[in-house]
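Quick heads-up: the structure tokens below are two forms of one chain, split into structure 1 and structure 2.
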Structure 1
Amino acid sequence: MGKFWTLLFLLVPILGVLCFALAPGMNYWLPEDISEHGHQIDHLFMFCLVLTGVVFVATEAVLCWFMWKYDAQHNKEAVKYSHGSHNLEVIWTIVPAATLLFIAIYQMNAWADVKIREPDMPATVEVTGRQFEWRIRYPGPDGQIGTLDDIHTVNDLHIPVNEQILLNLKSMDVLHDFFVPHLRIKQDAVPGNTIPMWFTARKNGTYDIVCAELCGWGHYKMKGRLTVESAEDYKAWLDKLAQDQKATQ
């Protein structure tokens, strides 16, 4: 029976690797990256995947090899009466420790780019989460957010392509999370705090804005749309919005 069970356990690394190998081809993968910084995150994801993949296959293979070889029904060798090996313990402490420390340090630059090195510029737009919608406001002619001439929209965020955006994130009620999978950005919106996010989109199109922090029964329908467009189209859209707003006032 040992062989049967070994083969069952062997399915884990085989199907596991197969799953990850086939997924990109079947479009079950990271959504297309349209941001400037996203390649760093995708690279680190692949880096973790390859590294853990190698460890995964190696340890599962060793497990299966031992299960196969030391099955009591077939193994005629005497049991190795051993309480361990000091040398092995030292090796398998130091090698993973160094590797893990390296992985941690290797992440830091990308993290700092996305979350710490805030660009010195005025905010392009302010997004406020609210059950269950995104309230968006652009500065009016005075270039300031929070004044009377602000331009308002709901769930419809437009940004110019290839320009750095500074987005201030707020919440009116509970926690939300501003997640744009294609832009590789995610940040909780915390009531009482204003949290800046910065990014550059490099491809025109419309993309989903997803709320990634549970915000109540309608969490699933808190859907926004991000439109990335040329600077001219963006300006035209913003002007039209300002005019419509003026007309209704």
Structure 2
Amino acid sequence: MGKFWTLLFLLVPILGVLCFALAPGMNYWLPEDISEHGHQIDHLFMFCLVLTGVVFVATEAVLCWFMWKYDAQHNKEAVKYSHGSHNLEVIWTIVPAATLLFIAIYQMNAWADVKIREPDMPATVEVTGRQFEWRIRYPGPDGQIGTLDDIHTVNDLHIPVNEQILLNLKSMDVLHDFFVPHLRIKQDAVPGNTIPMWFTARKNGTYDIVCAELCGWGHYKMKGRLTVESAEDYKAWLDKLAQDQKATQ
């Protein structure tokens, strides 16, 4: 019976590696990257995945080897306890700490590009999360957000392709999380704070916007759509939105 459990446990790393190996080919993987900086995020993801995957497989292999070698049914020798090895404890403390430090340094440039080096430009759009929708506001003819000529919409974010976007993120009530998987951007919306996000979309299309933070009973329906389009189409859409809004005033 002990050998059975050893083989059963051995299936965990084998099936786990197979799942990760086959998933991209079966289209069960990350969504298409359409952003300028997405390759950096994907690279860090794959780096951490491979690193932790190797450690996982190695520890599972050692575990199964011990289960097989010291199976109670075939090993009648009495158990011997020891006080462990001080040197081994030092090693398996230093190695993970050094690995985490390396990862922290390795990802600094990617972090700075998407979180620190804010572009010097006026905000393109403001997105405010509230239970349970995304309220979106564009600057009007004066080019400033927060004035009477602002253009409003809900859950329908449009941006021009191949242009840098500066988005100011807010929350009107509770903690939300603005997540656009295809752009590789994900940011908490914190009540009382205005948080800038910047990115450049490289491909036209329509993509999902979701809230990645449980924000209440209607969290599941807090979703929007991102439309990436040519500059001409973007301007035409914004002009029509402004006209429709003016007609209702």
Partner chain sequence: MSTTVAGSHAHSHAPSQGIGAFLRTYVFSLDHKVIGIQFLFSTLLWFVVGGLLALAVRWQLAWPWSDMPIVGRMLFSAQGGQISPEFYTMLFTMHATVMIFFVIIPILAGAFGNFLIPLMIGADDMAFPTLNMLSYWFMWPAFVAMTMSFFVAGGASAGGWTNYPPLSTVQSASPGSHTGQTLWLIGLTFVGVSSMMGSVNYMTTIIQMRAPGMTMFRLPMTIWGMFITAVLQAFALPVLTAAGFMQLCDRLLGTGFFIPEGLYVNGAEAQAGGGQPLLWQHLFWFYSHPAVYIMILPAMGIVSDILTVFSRKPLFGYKPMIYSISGIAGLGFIVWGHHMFMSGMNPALGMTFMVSTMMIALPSAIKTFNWLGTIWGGKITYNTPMLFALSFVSMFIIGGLSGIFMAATPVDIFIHDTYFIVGHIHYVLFGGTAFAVFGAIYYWFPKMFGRMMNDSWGKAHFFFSFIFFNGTFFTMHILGTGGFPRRYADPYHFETFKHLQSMNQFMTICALGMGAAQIIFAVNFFYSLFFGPRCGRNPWRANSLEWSAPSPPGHGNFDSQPIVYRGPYEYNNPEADDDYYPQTTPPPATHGQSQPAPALAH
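Not measured: the values here are computed from a predicted model. By convention here, residues take numbers in order along the sequence of structure 1, the first being 1. Rigid core: the largest C-alpha set superposing within 1.5 Å between the two forms.
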Eyeball the pair and call it: which is the form predicted in complex with its partner chain? 1
Co-assignment to one rigid part between structures 1 and 2, Q243 and I145: yes
Treating the chain as two rigid parts, what rotation angle in degrees relates the smaller part to the larger between structures 1 and 2? 12
Quote the shift of the Cα of N87 between structures 1 and 2 to one decimal place in Å, the two forms being superposed on the rigid core. 7.1
Once you lay the two forms on top of each other by their rigid core, how far has the C-alpha of K76 moved between structures 1 and 2, in Å? 11.0
